[in-house]
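Next up is one chain by itself, shown in structure tokens, the form predicted alone.
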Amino acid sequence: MGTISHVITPKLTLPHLTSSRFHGGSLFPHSNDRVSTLKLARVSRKIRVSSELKSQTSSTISHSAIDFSDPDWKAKFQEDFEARFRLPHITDVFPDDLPIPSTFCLKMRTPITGDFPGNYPSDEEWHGYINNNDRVLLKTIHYSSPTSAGAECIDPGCTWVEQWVHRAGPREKIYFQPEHVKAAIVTCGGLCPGLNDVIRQIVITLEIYGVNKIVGIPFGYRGFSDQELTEVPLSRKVVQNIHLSGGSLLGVSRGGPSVNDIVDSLEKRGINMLFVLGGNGTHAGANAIHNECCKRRLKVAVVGVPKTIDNDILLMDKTFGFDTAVEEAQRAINSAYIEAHSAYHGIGVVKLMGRSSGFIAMHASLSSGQVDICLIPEVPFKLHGPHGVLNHLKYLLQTKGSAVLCVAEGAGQDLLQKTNATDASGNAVLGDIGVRVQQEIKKYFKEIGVHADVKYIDPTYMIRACRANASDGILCTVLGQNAVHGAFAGFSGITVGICNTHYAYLPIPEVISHPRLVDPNSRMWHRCLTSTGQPDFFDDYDL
């Protein structure tokens, strides 16, 4: 097997939005009016784009092969859904493994110490455990029509189908004896606010269960193979105040050794609980590690904690670091606004994170109230032409005297020269759309003889290095605790996330097939457009 970068690269092909096709009946009445026709065509294009993006996300919700003429299709769908979202468990490989009473009970106020000589502390009267049959409803809106804004429908009639996932939390029975556990934590990918918060809570919760062998693997998956890197002993004393700083106590890196080498290292080190903090690619690696452990019949619980500042993990309300990123992005936007507003014909350009998904740019633009143009990867745009970004900037300077433009890093990649370069994780190296937009703005206004004072701000690394804000701090705390609960409950190959404000366990394959994307027909994007007042940025001949 090759390096782990071959495993952790998300299998994603972004939609070719400019060549999309709409399949369906007539949407609009006939009109001989040219302007009306163009307006209707633009609406049709929005629906085509939205439909194509949903066709990707729907892969986690339904199957294209469903025969909707079958009167039992709904029951069959639910049966298939339950099978796909069943959580892998230690007993799948070790069916004779018997559980023991949980050592986690908050009615006990004395520290758990000693070697547990056959008697595990428990309190049958404590009602703080989660029943294994508890479920969380994945979708809560009953759409009445596929044309409703943001509609996510399984069948053409938008039939309501309940989709339940497993509720996260401590179980009354556990499958690991704490004194026999050696737990490891690894942080992969790039930096993200909240990494230290999650590490801290995992360690604290493990100690409450009674685990006294906890280590950190330095610098991502690389730490499993690099002989110069040694385990970092972790305890409550070590992690007590790490959440007060940004970054990761353990360090981060991309890529790493092969899955076989990682599992060899786990076996050699005696690690039987592995907590993996990372995004789509890192979770793909965690799932491969889980599968290899099952193949070798190793009793190892592999649990993921979704870490992506872009908020692009499927099925989850949000991932940790996102709220902090939006809050810090507003500071950059406010600086760009002040620069632009204080200059004659000032234009502020802010580039924010978002390789495939524009959630940060959208939410930061919406919350700041100072952005005139928001550009995201999911919505195509043109820089030039009568309906291009540059022409609208000219209009803004004429009417307002200044403008602020916010662009996600993955937006407008079709306007840049493409390369085949990839990073250590196997992700395509993106062109710098922020610099390109800045250059094109300067060039355009120089050519038309209009003065423009352009200021460019890229706060990416400042945002990534921040400590988590209060909202993310709470999210990180709960995610870290639930990751430990899931491991002790015997689950493996799972991740923990927040679904409709409730915490749930999800099988890793169901959340890593591709990034979660902004739906251009969603209410949130419509709210952003209402705030910015921006038009559609494409020419009539592109419709």
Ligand SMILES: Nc1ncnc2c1ncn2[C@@H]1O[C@H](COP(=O)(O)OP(=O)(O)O)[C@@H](O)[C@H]1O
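This structure is a prediction, so every number in the text was calculated from the model and none was measured. All residue numbers are counted from 1 along the displayed sequence.
This protein has a second form, the form predicted together with the named molecule, left out of what is shown; the following refers to that one.
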- Item | Candidate stretches 71-79, 240-248, 89-97, 281-289 - the one whose heavy atoms come within 4.5 Å of the named molecule in the predicted bound form | 281-289
- Query: Should Q413 be classed as touching the named molecule in the predicted bound form when contacts are defined as heavy atoms within 4.5 Å?
  - Reply: no
- 4.5 Å heavy atom contact, F320 and the named molecule in the predicted bound form: no
- Query: Can you check whether N272 is within 4.5 Å of the named molecule in the predicted bound form, heavy atom basis?
  - Reply: no
- Query: Does any heavy atom of A408 come within 4.5 Å of a heavy atom of the named molecule in the predicted bound form?
  - Reply: no
- Query: Among the candidate residues K213, K455, H166, R254, which is the single one with a non-hydrogen atom no more than 4.5 Å from the named molecule in the predicted bound form?
  - Reply: R254
- Note on the structure: Answer key: of G190, P218, G388, G473, within 4.5 Å of the named molecule in the predicted bound form (heavy atoms) is G190
- Item | Interface residues of 298-327 toward the named molecule, as seen in the predicted bound form [heavy atoms, 4.5 Å] | K307
